[in-house]
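Only one chain is included here, represented as structure tokens and corresponding to the form predicted alone.
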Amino acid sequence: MRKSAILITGANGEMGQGLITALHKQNNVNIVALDLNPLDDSISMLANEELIGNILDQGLIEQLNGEYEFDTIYHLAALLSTRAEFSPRAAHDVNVGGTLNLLNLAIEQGRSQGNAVKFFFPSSIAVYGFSGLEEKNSASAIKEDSYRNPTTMYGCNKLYCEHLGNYYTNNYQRLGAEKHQHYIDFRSIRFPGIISSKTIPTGGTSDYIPEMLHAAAKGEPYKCFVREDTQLPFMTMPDAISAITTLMDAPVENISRTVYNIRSFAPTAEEFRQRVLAFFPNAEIGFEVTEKRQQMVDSWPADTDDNMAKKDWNWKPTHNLDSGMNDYLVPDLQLMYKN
């Protein structure tokens, strides 16, 4: 008999660790955590079962389908933006091929259960693209259906997987069923940059802000790899996790689309540097532009419009920039690096 569970891929990443912590607090949730590496000690006891494996391993996918009955899949595993530019073929294999494997698993699960399996996919503002800074600076906060012209492999992967989610949602449903009675309930968020106090980011092109903050808290010098005037939307990790759980808990009749923008604040790199210096006045923070990463960031929006998320599932961030620094980031980092 198959075991009832939820599946989290990429469970050992920044978002995976936060999501496992949040879902563990819910009653009667059997968490199956899948990652290439063993879970961090801080969360290893929170998952009911831990699997080490690759989402490209078809044998593993078949094992999951045979042993478990998933009502929800959180597919977080991915090759992130900077690494994807250095290894575009590997990025496509993991980000697209792996997602196809998980979508097919969800369809098989939905067919066997006779109910739609909820499927969460984290997308990114990397799906947007501008021809240059002039177009970026002239654009207002970007809505979901505008400027979807990715210039990076990561953005191409994410946008294609959004389309795959739409395709699977609309083309796999029970014969004779009502329109909303699908085998898969695909829901996605286009995340801005995310700042966490718990983990140091790796591989993301928007990581200059969390890297700047962590370095200052540790007393280490930092060279920001983008210009002072570079602007992107950001949010804190607790708000990102809250957005995921809120979206996934929303009644299906409230969901008008499969993909949503969310955001909290959008400082320039220099504005954030000044906020960091207010808390860590001795921090050594300079700028040393990495042209490739700067080009990637310049192709992404300075801000996004999250009104659809507010309307459909009452999205509202807890933190703005001030409260994020005062109530979450700085206290946690001071405690983490006090020695």
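Start at 1 with the first residue shown and count on from there. None of the values given here were measured: they were computed from a predicted structure.
The next section is about a form of this same protein that is not shown, the form predicted together with 2-amino-3-ketobutyric acid.
The contact with 2-amino-3-ketobutyric acid in the predicted complex, taken as any heavy atom within 4.5 Å, belongs to 81 out of 81, 99, 230, 196. Though the partner is left out of this view, residue 94 does not reach within 4.5 Å of 2-amino-3-ketobutyric acid in the predicted complex, counting heavy atoms only. Contact between residue 125 and 2-amino-3-ketobutyric acid in the predicted complex is found at the 4.5 Å heavy atom cutoff. 2-amino-3-ketobutyric acid in the predicted complex comes within 4.5 Å of a heavy atom belonging to residue 204. Heavy atoms of residue 154 reach within 4.5 Å of 2-amino-3-ketobutyric acid in the predicted complex, making it an interface residue. In plain terms, the part of the chain that comes close to 2-amino-3-ketobutyric acid in the predicted complex, with a heavy atom within 4.5 Å, is 204-212 out of 204-212, 111-119, 128-136, 86-94. Counting a residue when any of its non-hydrogen atoms is within 4.5 Å of 2-amino-3-ketobutyric acid in the predicted complex, the one hit in 272-303 is 300.
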